[in-house]
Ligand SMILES: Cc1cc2nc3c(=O)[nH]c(=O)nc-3n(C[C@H](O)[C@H](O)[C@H](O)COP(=O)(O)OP(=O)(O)OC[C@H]3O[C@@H](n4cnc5c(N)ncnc54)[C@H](O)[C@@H]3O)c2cc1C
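Quick setup: one chain, the form predicted alone, written in structure tokens, and binding and motion questions come after.
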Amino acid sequence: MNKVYDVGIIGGGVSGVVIALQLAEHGIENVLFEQKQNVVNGPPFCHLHAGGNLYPDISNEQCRILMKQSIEMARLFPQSIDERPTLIAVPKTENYQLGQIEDRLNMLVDYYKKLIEEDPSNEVLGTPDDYYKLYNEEDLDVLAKQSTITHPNSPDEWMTNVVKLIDFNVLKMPVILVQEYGWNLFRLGAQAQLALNKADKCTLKLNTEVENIKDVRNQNLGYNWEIITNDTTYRINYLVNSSGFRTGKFDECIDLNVERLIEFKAAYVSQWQPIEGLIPELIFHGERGTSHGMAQLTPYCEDYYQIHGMTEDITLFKNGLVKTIGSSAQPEFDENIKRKLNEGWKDDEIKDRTENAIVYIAKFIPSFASAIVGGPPLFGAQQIPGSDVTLRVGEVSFPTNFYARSEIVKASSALTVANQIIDRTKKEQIISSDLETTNKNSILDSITKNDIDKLASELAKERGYPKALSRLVIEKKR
């Protein structure tokens, strides 16, 4: 192939597709390589992280960054945002102080107001004054006497539904309802893939395995890299490594080595019929990796619920967090985890882990013990740059000329990374310096809700999941 692309991107996860679409929005010709048959395959995500409320141990600065980035991504992919709140609770067994959590929430309210002052379109999490609400025992007693609301519209209505289910005797008071919205990966993947297929300046290569990269920067060929795939060789000027936990594999191709962690995690699909009404996402804080790690229940349509439990028996895995060793840039999982990533799960593994997760949630919601396995786990692996396992904000690095390494930890960082890469390509004179980065994308905006509905359902079915997981709990009109 003699064609020369401005940018070549390895990996069609959230970061890769957003980079490709933002480049196309600016008229920059790019090619995106994805080894699977569709984009955005994992690792799974189910909420925005708009403020870092699921991570009481991270810094306030990381919380602010996550809020800003989450708002930007919500504006880019509105049809994937589930506008339902999240309950945050601290069990009595935990050391987390509710006063510190409330101080952080007040800080986030002030920051949210500042973002709205900068751009009124940033008001995507409701009004700042409604960002969170505290509920003490007396408040809960009053709400417990109210009737269930099928489609709640206010914080009190959401709490009225859930107060009947939770064992509040095991929790510290108050509990908190916060505007931490859901985020549907199937819908984001559908909108992105439809936009990529529509974009004139992006060539999407699905089912394409990148086997090697050849550095030709010093050979005066009129391009800088050759990407060798299973079917042909592509010539590009700027290389973006957006391959997630496999990032080190391509660093090694060009003799780069960097310290990193990779982590394998899973969430479990269950079915449960609690009440005739919607409930918020539920978070019960706990120390990660211990027997009492955070418990999380995420509602979907048709009585499906996704479960996280941050213990080694549920979401985390023995040997599931590994680091680079010696001169290798690519950490390696053990054979058991490799099998799950490459071949899938055994039936007994699905049953055992999902049932462990159900029992764990039932410590806080007794009636959840009646839940059943609802489908295969949502799973995948991610990279964490450096050696800090608590890092939740990762962006991008530029270790050599004409090369960018996307290092996102949370999907919300993808747009930030895309714009940083565009700015870098301007500095390295790959594209015109007159181009201005933007947080908008007309190609994504042109994709209709009906088309997203259809493809998102197909993606869920193709991957073996219930179609209900591709829908929003709070349906959008457009």
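Bear in mind the structure is a predicted one, so any value in this text is a computation, not a measurement. From 1 onward, residues are counted along the sequence shown.
One more form of this protein should be noted, the form predicted in complex with the named molecule, which is absent from this view; the next part is about it.
Contact check at 4.5 Å (heavy atoms) against the named molecule in the predicted bound form: none of Arg235, Val322 and Ile384 pass.
Of the residues given (Ile28, Ile447, Cys46, Val31), Cys46 alone sits with a heavy atom within 4.5 Å of the named molecule in the predicted bound form. When the named molecule is considered in the predicted bound form, only one residue from Val210, Val163, Leu261, Ala74 comes within 4.5 Å through any heavy atom, namely Val210.
A residue is said to contact a partner when one of its heavy atoms sits within 4.5 Å of a partner heavy atom; Asn53 fails this definition for the named molecule in the predicted bound form, lying far away. Val409 belongs to the set of residues with a heavy atom inside 4.5 Å of the named molecule in the predicted bound form. Residue contact check for Arg405: none of its heavy atoms lie within 4.5 Å of the named molecule in the predicted bound form. The closest non-hydrogen atom of Arg246 lies within 4.5 Å of the named molecule in the predicted bound form. Stretch-level contact analysis of 31 to 39, 449 to 457, 430 to 438, 57 to 65 against the named molecule in the predicted bound form, using heavy atoms and a 4.5 Å limit, identifies 31 to 39. Of the residues in 284 to 321, only His308 comes within 4.5 Å of the named molecule in the predicted bound form through at least one heavy atom.
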